[in-house]
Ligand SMILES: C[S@@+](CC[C@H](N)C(=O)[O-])C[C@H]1O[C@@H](n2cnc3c(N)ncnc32)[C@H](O)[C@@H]1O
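In structure tokens, one chain follows: the form predicted on its own.
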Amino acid sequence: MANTSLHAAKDAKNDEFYTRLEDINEEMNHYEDKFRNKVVFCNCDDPTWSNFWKYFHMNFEYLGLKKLITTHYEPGEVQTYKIEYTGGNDLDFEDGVVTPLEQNGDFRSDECVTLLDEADIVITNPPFSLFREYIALLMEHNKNFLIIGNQNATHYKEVFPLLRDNKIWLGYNHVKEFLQPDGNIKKFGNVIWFTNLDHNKRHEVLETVYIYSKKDTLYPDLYPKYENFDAIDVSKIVEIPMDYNGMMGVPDSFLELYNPDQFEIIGISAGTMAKEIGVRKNYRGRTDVAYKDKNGVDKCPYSRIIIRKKAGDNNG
């Protein structure tokens, strides 16, 4: 299989970020019951630098793992290797069976896909530039996973429908700092965990507010109604109204608090996916939700997730 794009991703500065051990530990603490007797595969992780390999190696017995596998990638036709660990000395990170690979360790290679099929859970920090292709491979092979990605990926046409349909969701934490090859720290504000492993946070009730309305009044000062889509705009998550059962546009940060028992996700507010749910062109000629503020000025909110409360939910 051609590996030009993966080679480019490896060389690109925006893909050369190594996850800190403390960030891995902070997220994994919420999934400890998911690993017993499981095969964990880190398929974008050279064990000489990967803290994913170190974390699961040192916690192998504690988590009750069955096997830990990692693969090394090198561009071109260079032969690489895999390492498999089934227990022994958890604190010796070189402990494991090293086997040469015939191919170069690209996660899309036949050898790595065979290992993927053996695995129960895939955990890694894949190249951000290949995120669409990476998550598609995981879904195609019906894998459980916990991976790191850019928050912008929630808007990808290959990713958002998976979030909408509760096939994947967000994890607990943001990853705000990464190690770079030169030893420096790179800081981010938009890197998150994606997973399809259930966790307690996604079942926490999101508090909503009760705002008395007469008949069908849509609180125009607080919640203006879109002119090109049948929904109201909610500019802050803490102001989601308890006593409104229609569609609402809420900020993207809702995805981090989304409880599928309490709400359903309808769609997204802009672009092709907005057109699919019936958003019409606005005053700018774009497919993007728009409304008039209390002074009659046309407004387009930055980005909105369209949601609706589930029937019978009266949480506040």
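Just count from 1 along the sequence shown to find any residue number. Not measured: the values here are computed from a predicted model.
One more form of this protein, predicted in complex with the ligand, exists but is not displayed; see below.
Judged against the ligand in the predicted complex with a 4.5 angstroms heavy atom cut-off, the residues Phe52, Tyr73 and Arg108 are in contact without exception.
Of the candidate stretches 246-254, 26-34, 44-52, 267-275, only 44-52 has residues with heavy atoms within 4.5 Å of the ligand in the predicted complex.
Checking Leu130, Leu116, Ile240, Ile192 against the ligand in the predicted complex, a heavy atom within 4.5 Å turns up for just one residue: Leu130. Interface membership of Pro126, defined by any non-hydrogen atom within 4.5 Å of the ligand in the predicted complex, is confirmed.
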